[in-house]
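One chain follows as structure tokens, the form predicted on its own.
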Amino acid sequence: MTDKQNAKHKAAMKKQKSNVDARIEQADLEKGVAVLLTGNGKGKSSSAFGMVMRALGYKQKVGVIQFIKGKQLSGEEIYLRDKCAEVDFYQMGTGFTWNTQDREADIQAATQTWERAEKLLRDDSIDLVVLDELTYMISYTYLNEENIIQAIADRPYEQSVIVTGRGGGSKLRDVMDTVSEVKDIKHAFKAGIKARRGVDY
């Protein structure tokens, strides 16, 4: 790299640092955040569990509620149950809706699971709540959308919440502070590659 290129790079990075520092200075509100991880791509739950590990690293209290999942063991479930007994972990336990094919039973299970979630969302001792695959409960009208949105909006001021799943609707997006969409560009399953333990589950 020439001296001219070096100087140009240094000037660009100095300008970028100044812009970033200014934005950090403006962000002075200390509160819990609501994060929606949505989209058709792989990695939404994986990202949420990454934040679980991050919170646990700071000795924060964490609650995890999984909707839909629960019939097939996953690595995150095994790890949390074996290594992180302090995490309040609960699964709806019905598995995927296309497996149960029983709407009435699914709604009953979803309602019971949501009651557990509501308790966490009212508990100001919990720093982080993960509501994994909750969006499907809205899409399938298993749960009342307004109740969900109100509970998220009314949670303790310092509590953060992560919601995962495809869709969820505009009302849910509106109440969240951060919305990230995971795009599906390519997936191994479509090429006939089986789901991989430790990567997919």
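Residues carry their position along the shown sequence, with the first being 1. Quantities reported herein were computed from a predicted structural model and do not represent experimental measurements.
Beyond what is shown, the protein has a form predicted in complex with ligand ATP; the following relates to that form.
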For the chain seen here without its partner, which of 51-59, 129-137, 169-177, 151-159 has a heavy atom within 4.5 Å of ligand ATP in the model of the complex?
-> 129-137
May I ask you to state whether Asn40 is within 4.5 Å of ligand ATP in the model of the complex, using heavy atom distances?
-> yes
Can any non-hydrogen atom of Glu181 be found within 4.5 angstroms of ligand ATP in the model of the complex?
-> no
Interface membership of His187, ligand ATP in the model of the complex, 4.5 Å heavy atom rule = yes
4.5 Å heavy atom contact, Ala7 and ligand ATP in the model of the complex | no
